[in-house]
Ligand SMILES: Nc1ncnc2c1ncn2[C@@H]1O[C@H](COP(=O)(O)OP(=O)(O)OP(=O)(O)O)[C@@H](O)[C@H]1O
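Here we start with a single chain on its own, the form predicted alone, put down as structure tokens.
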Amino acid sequence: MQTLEFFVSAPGKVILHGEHSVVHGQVALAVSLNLRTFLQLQSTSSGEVHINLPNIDTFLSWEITALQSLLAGCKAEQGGLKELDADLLKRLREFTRISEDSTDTRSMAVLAFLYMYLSVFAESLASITVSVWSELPTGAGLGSSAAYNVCLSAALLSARGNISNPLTPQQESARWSKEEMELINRWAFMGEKIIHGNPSGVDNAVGTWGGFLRYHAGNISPLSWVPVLRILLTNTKVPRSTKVLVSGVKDKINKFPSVLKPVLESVSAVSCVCEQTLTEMAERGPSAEHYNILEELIDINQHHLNVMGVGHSSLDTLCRVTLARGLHSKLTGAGGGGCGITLLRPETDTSVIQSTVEELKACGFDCWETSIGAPGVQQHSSAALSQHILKILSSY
């Protein structure tokens, strides 16, 4: 492999409408969040592989000779994309001493990195240093693990030569071809399987393609020509278990099928009306009426989610604080705390936004003004990144 250095980034994600519909075959809309994960890959001559994860204060290195021994005698063919190589994954767990029931963020990130690195570079392991830092909080339902896996996939495949390095000297940022993006997405999905076991594939698809995606009965399709929308993103910092919340919704459906199934169908209908509205905004230009519709849909969906039992007093506080200023909010993700989004209209006054953020922070929440509908995975030149990000990526 030639000496190289490059930078990759991928966005996080929010569910605009259809939380919990994903598990029940209904329509959901997922959208990229313009808070990004950044990766720097450098080739070295050290005879070692390094991973630097400043978000979780982790720097690890392994000798290539030790990693080569893990590949020797593996029964499954390396580089397969249909199923995880159970033999290699077992060897990696033994090598790293990460137990099968571990859900620790650091452990899962390391395991996903080593699996993808060994699978992509199986024929000739290369000395590289990979540094990954994210603007996304971990464990908040914002697709931080998927953005991480998409960045790893794009960087490792580029370094190995499986896909191109699309950036030219005249560009600051560039994207890969459709076929290459599909390969990036498939490898990122493998990383998601390592971390989450049985993911839907929505998060890595959003991180790869960006923009808005429609999910229905296992099929994921991007929406074309959608608008970028300004939002407030609020993290209530209330911990919750996605597994427990999903299980609770299933229990309610089983207990009250005649009540809850129509609710899920209505959530799906909200997603479809939202999709139609976004398409009109893209084709004709956004209007005040379009924003009125989106705000009504947000309120309706939030009431749906409370009926399904995934609301929380912290999310009620978010909705109350923002509605007092004429802004409309809903949860995103599994609910039970976690994060919520607030739609900002183009004419929303800066003072209104500032006072809203201040009050939400006074409630103990984290709050950012950002946007949704951002580009998917990209390769960057160093000039495209801020000095702050470059400093963090080079912190070890």
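By rigid core we mean the largest C-alpha set that fits within 1.5 Å across both forms. The model shown is predicted, which means the values in this text are computed figures rather than measured ones. We number the residues from 1 along the sequence you see.
There is another form of the same protein, the form predicted in complex with this ligand; it is not shown, and what comes next is about it.
- Taking a 4.5 Å heavy atom cutoff to this ligand in the predicted complex, the contact residue among 266, 138, 173, 164 is 138.
- Among 343, 334, 29, 367, the residue placing a heavy atom within 4.5 Å of this ligand in the predicted complex is 334.
- Although the partner is absent here, residue 240 is a contact residue: one of its heavy atoms lies within 4.5 angstroms of this ligand in the predicted complex.
- Proximity of residue 134 to this ligand in the predicted complex falls within the 4.5 Å heavy atom cutoff.
- Looking at residue 41, you'd find every heavy atom of it more than 4.5 angstroms from this ligand in the predicted complex.
- At least one heavy atom of residue 56 is located within 4.5 Å of this ligand in the predicted complex.
- The stretch from 319 to 327, 250 to 258, 120 to 128, 141 to 149 that comes within 4.5 Å of this ligand in the predicted complex, counting heavy atoms only, is 141 to 149.
- Contact residues in stretch 179 to 200 (any heavy atom within 4.5 Å of this ligand, taken in the predicted complex) are 195, 196.
- When the rigid core is held fixed, the Cα atom of residue 334 travels 2 angstroms or more between the shown form and the other one.
- Core-superposed comparison between the shown form and the other one: CA of residue 310 displaced by 2 Å or more.
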